[in-house]
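In structure tokens, the next block holds one chain alone, the form predicted on its own.
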């Protein structure tokens, strides 16, 4: 995924530094309640269902229309790509350029900030108990993985992998069994734009670290064979391959089998391998492959292709990553299934223990922003998969028309239970495709779109129960104008009576912004808040 998940690799730091360097006022007390924080993973749970139960949110299909904006925070970055961890009194959030922040849940004041890792927080904030107490974990895109004391913000350890020359820590790790599993991609996706760079030699992969100490336990590359010189351009610039096959997104963990599941991206250079655009099943204890299932063969692409550079493969592929983590749910017969959404617009249902494909369903036209881009969700009790489709009208790879919107599929066979498509005939502004991760709860699913809208859909029939336009400028608690724009990346979070979402994501085909928005349920007689909020 590009920034679109990738192009941000090449964005210079001075863009961040041009933003007003202001923080919310430091809190009068930095005491933090460390008990019962939420969520437990990027995917909400280890199965990556992105479903929030009634135990963790009171927001549902009967009261979602009562959400109103509580406060806004003006971030230092124009491409927020963190996902919060929330306790009773604190919201932990990563603001690239300003670091990891502990914000007071009620007022948005700052309890502490951690600016290690170049201040660049590129993942969801995870939490687990270690020998140091409650520990927060995050990745910096270039600097690696960090463990931070939740009470003080002090860095406890910092680790990187040494097996790859220019690793990129883009996806969110997952915590399980005292380990932290870290997806690995490569900065070469952006370096390929330099015509004098000898592209490419690195591989994506998955790394396991001890969660208490940061000691690396194993590393599994997605390409086993070493890269070789396959050609030259400008006489002296060597071309290398095979390369690429990044792991852009969070892994999924199945405790009963001890397996990790994750998707991969395309090869950066030829020759194409059998591991690109694939789903991996890996033994979490040892890093040994159990199975690999490829869905798109021969897909070779790098960012040099965007500018027509010499590092682009001779026959570039369609760039159809698995950017969304696969998720695990049981079907109506009680059988466990693994479900993965691809940028091609397909949803694939598999046996998690063998990789056998039960069914595949294509919903959208697909393309470099999806199809299915950052994440899907599931309600196991309802037997539904929720599938956001972006279908940005550039780079489409099929003859299907673009169908941006939300789909609900039957877990058993992939049949469409309902769909709610965005109106692309009356676009006044930016493309309203659904690229960001989504979140589901009791009777509803919530998604943001690339035009800055956020909506709550009924799980029963897909009707919109509440919506809000974030593409505006908000007064903020830290006196930095908080401007909403494209909603992309990790998407919204429901916790207790709050809805939290970052609005704005700069990059190819997206609009930058810097608004962290916190909504809260209010009483039935409350007046509508600022913005274009409405209910149906």
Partner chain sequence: MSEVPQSTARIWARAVANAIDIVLVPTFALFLMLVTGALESAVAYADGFPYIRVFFLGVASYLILNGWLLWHRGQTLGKYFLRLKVVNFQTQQKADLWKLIFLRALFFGLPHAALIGFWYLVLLDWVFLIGKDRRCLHDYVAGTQIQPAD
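Being a predicted model, the structure only gives us computed values, none of them experimental. Positions refer to the first chain, counted from 1.
Quick note: we don't show the form predicted together with the partner chain, though the next part is all about it.
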Residue 238 near the partner chain in the model of the complex, any heavy atom under 4.5 Å? yes
With the partner left out of view, is residue 197 within 4.5 angstroms of the partner chain in the model of the complex by any non-hydrogen atom? yes
With the partner left out here, check for me: in the model of the complex, does some heavy atom of residue 188 sit within 4.5 Å of the partner chain? yes
At the 4.5 Å heavy atom threshold, is residue 143 in contact with the partner chain in the model of the complex? no
Pick from 189-197, 106-114, 151-159, 347-355: which stretch has non-hydrogen atoms within 4.5 Å of the partner chain in the model of the complex? 189-197
To verify the annotation, which of these, 464, 166, 292, 285, has a non-hydrogen atom within 4.5 Å of the partner chain in the model of the complex? 166
Heavy atom within 4.5 Å of the partner chain in the model of the complex - residue from 296, 201, 78, 442: 201
